[in-house]
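A single chain comes next, written as structure tokens; it is the form predicted on its own.
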């Protein structure tokens, strides 16, 4: 009879002492951090009445026609910021991703420079970029558009480069064998193969841009976020609740539209 203890593999057979120490250290760090930054039951109990009071002051939402018109204008501006910024960012992401893609870039090992550049754009938060552009070009929608553009390059640049690296090699090898240039290989073999992936990533970028553009107004980069900040600064909580509901509807509608488009592509 076979000994079950020898037949059954140990679930921890791949756990090395280094992995064990890392897991224990991570667990200790999480527990220590929870004691410092996680809300305590007392804080939750104390803050709950204040939250209930705030929600009560936010209801019912302000539905005055003049205010709704102003919100509509700001929403339109927000959508314009997201659309233009994402469109420019997606177009610029293609050459950046080509230069950053391993094995595809015409720069050889120099692709690491552009890969690091894309990582830098993606690492810096949206609000930080917005603050930088507000300081350079001034308050308004232009700063918001530039922020979305840079954020989109960081987002799409990574996924476009990964898609180019994973593209089918046989068509590329065939074009290389007849002496085609790298730009011709990109246009004739790589882009046709990864077109569905590029479209999918672009739709995600547009959806992300809409969500991001909502909050850019908090630092003066235009859009509906600026109206929301004014409402909270002036304690106009009914106005704030209206704006929050409108933002929810817009973001939800954009997610539904992009989901349907992705479903058709797939």
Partner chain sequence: MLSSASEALLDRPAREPQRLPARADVTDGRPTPAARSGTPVIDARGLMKSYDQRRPILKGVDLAISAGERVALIGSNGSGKSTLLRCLIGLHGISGGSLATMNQNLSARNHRAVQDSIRLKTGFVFQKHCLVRRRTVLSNVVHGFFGTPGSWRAHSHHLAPTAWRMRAMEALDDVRLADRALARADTLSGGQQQRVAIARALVRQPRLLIADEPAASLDPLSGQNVMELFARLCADHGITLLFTSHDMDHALTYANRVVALKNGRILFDKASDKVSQEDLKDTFDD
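Residue numbers count along the first chain shown, from 1. It should be emphasised that the depicted structure is a prediction, and the values quoted were computed from it without experimental measurement.
From this point on, the text means the form predicted together with its partner chain, which you will not see here.
Q: Within 4.5 Å of its partner chain in the predicted bound form, heavy atoms considered, which of 187, 76, 124, 113?
A: Comparing distances to its partner chain in the predicted bound form, the residue within 4.5 Å is 187.
Q: Quick one: of 95, 106, 72, 192, which gets a non-hydrogen atom within 4.5 angstroms of its partner chain in the predicted bound form?
A: It is 192 that has a heavy atom within 4.5 Å of the partner.
Q: Please pick out the stretch from 143-151, 87-95, 124-132, 174-182 that is in contact with its partner chain in the predicted bound form, where contact means heavy atoms within 4.5 Å.
A: That would be stretch 174-182.
Q: Is residue 196 part of the interface with its partner chain in the predicted bound form - any heavy atom within 4.5 Å?
A: So residue 196 counts as contacting its partner chain.
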